[in-house]
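Below you will find one chain, with nothing else, as structure tokens; this is the form predicted alone, and questions on how it binds or moves follow later.
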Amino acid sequence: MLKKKLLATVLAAGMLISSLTGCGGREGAADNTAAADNTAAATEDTADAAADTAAPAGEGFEKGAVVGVSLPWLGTQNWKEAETMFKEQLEAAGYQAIVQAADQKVPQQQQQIESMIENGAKVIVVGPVDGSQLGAVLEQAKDAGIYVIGYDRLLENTTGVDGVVQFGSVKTGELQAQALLEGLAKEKGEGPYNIELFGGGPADPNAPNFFKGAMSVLQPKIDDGTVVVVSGQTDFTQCATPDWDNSKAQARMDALLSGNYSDKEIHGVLSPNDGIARAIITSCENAGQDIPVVSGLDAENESVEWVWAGRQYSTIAKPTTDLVAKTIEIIDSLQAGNGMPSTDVTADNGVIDVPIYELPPVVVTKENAKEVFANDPDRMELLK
């Protein structure tokens, strides 16, 4: 639940002052501490006033209510899966689903969310194009009594968010870097190893966290000379890939190879997702390089096949079905009047501490692919 602070001055017969702190969000609960017995009644009245500033607790809403889902785009397999799964599973659960994608355009996403508000949505799920650019429209949703759940990405610089469902983003980066180092040791002999670093789209709040997690693992190896970033480009701003665009990643890789590897072999590349990984591998092959050890993310079908064939060393599985299921679990809790589930994880979005419902990512290599996808018949079909 969102954390809110309330300070009230209570005048009673003895002119004693009570201070109270309310933790509530949409449920509006408050913990009251009285300064003296003769102010207890006044304190209770003040707590009631605090509860009135948020949506009443336990109300819930009708089962057939409208639930909006605003996705950033459908340009990768995980977002396409999310579109299909949300529509099918929300409707199966009895909700009226409005599922839209914004084609990586912030104004389009703002308009879509405004339309969902106008259509009476009780909950809006938002996978933001840019997590920092939706504050005004999310505040509008909050003022209308609508719950807002961030999906896969943090909603920043706004109080208009009740929680975020995502896989651990820093942990994801750590796993990518660990897989890169393990792959280098297995496939490239003894170091030092020549590597390059790629980050995701700078508008995505997960992207710098992926990079941060990866660098927490790689920086000590850079410092001791185990790995060498030949280009010297080690800052996220240098390594980011605008819009997660595969063609931009491939163009950057082409430039890195032509500028730094005319007489060197590249041994490994930190890649933030599968589409970029495939672009990097294609660039290396075009340049006549042996395929380097390359990380990835999302376990896209094509990259699962490449991992199985030994072309891409690793990916990270973040099953869309798990994210969607967790999100609908929260929606069901809200519908039943039980509010947002409890969680021990929060993230500072620049304005408030946002509850995070965090799922564990899993690294996938050829060695463990069948184990990871044992309950995923579609991806098991790829491992033949």
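All residue numbers refer to positions in the sequence shown, first residue = 1. This one's a predicted model, so the numbers in the text were calculated from it and none came from an experiment.
In what follows, reference is made to the form predicted together with a small molecule, a form of this protein that is not presented.
Here the chain stands by itself, but in the model of the complex one stretch of 201-209, 252-260, 140-148, 188-196, 201-209, has heavy atoms within 4.5 Å of the small molecule. Shown alone here, L180 lies farther than 4.5 Å from the small molecule in the model of the complex, counting heavy atoms only.
The shortest heavy atom separation between T159 and the small molecule in the model of the complex exceeds 4.5 Å. Residue contact check for W244: one or more of its heavy atoms lie within 4.5 Å of the small molecule in the model of the complex.
Contact check for W73: a heavy atom falls within 4.5 Å of the small molecule in the model of the complex. With the partner omitted here, the residue from I280, L270, L297, V126 that has a non-hydrogen atom within 4.5 angstroms of the small molecule in the model of the complex is L297. Between the small molecule and the residues S231, Q110, N78, Q100, the one pair within 4.5 Å by heavy atoms in the model of the complex involves N78.
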